[in-house]
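Listed next as structure tokens is one chain, alone, in the form predicted alone.
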Amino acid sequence: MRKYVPKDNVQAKSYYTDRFWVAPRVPRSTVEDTHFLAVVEAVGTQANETYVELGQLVIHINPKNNFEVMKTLKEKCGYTQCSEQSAVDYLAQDNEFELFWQLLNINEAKRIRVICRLANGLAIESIEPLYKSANFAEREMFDMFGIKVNNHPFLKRILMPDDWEGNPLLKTYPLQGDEFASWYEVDKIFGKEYRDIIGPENRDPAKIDTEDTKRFSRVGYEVPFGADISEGETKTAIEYSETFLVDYNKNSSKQLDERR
């Protein structure tokens, strides 16, 4: 097994050679739009900060009020669609997550982003009773970040296996996985006693093993499993399907003289 290396300071490492470089902030403006002004008035004192960014209203709220704010935005302001919900890891910097919800008012063609800061270890209230699309989004947030959601109807992992260790979207999670990830399939399928025989999982996406006769990633050079390739390998012609819409086997192409 590989030597374990502590990963607590991964987020604190510098990714830029110029230590004085600062990413430019997206321009913000005050709320002047009539519709957005009505929304701010409806939310009232539950909004800690409001401004317009990239043509949409941004509202910062207290995490304890997320359900009440969402209910107001849906029932009184016409934001009937929650198109996105997730989080950003700021644990190394503030020991907090930044949660956001992206809402859409179809009738007015307006968008709102609701943001709150949630301390590490605390839970957020589920908005699934208001927006059914939040069901899978909250499960993904729980799976990828480990953020618990109160009163969710079925809070369990949605992408990773139930017995997976860690949360892959945390900034302290290694890009190529950790020791647990490298041995997961071996332990699950064969058992830990086969570690020395099989070896850890290869997590290098650029590596192509010439002795791999499964040829999953080598289009045109597939061979039957277990075939002898010691004498070399032969390229196989790629055959495309012929349908009534497009004939992919035709070599001729047409080039337009000018843009229409």
Partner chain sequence: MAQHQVNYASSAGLPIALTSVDKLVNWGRSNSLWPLTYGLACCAIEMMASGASRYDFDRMGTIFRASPRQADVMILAGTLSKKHSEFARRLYDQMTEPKWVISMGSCANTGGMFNTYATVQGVDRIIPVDIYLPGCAPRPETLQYAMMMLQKKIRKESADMKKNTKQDLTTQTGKRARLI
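Residue numbers count along the first chain shown, from 1. Worth saying up front: this structure is predicted, and the values here are computed from it rather than measured.
Just so it is clear, the following notes concern the form predicted together with its partner chain, a form of the same protein that is not shown.
The shortest heavy atom separation between Asn150 and its partner chain in the predicted complex exceeds 4.5 Å. When contacts are judged by a 4.5 Å heavy atom cut-off, Gln85 does not count as touching its partner chain in the predicted complex.
In the predicted complex, its partner chain sits beyond 4.5 Å of every heavy atom of Glu125. At the 4.5 Å threshold, heavy atoms of Arg203 reach its partner chain in the predicted complex. Annotated contact segment (heavy atom within 4.5 Å of its partner chain in the predicted complex): 189-197, selected among 56-64, 32-40, 189-197, 228-236. Proximity to its partner chain in the predicted complex, defined as a heavy atom within 4.5 Å, holds among Tyr90, Phe136, Tyr173, Phe100 only for Tyr173. Proximity to its partner chain in the predicted complex, defined as a heavy atom within 4.5 Å, singles out one entry of Pro129, Gly146, Pro168, Gly78, which is Pro168. Of all the residues from 150-171, those having a non-hydrogen atom no more than 4.5 Å from its partner chain in the predicted complex are Ile158, Leu159, Met160, Pro161, Trp164, Pro168.
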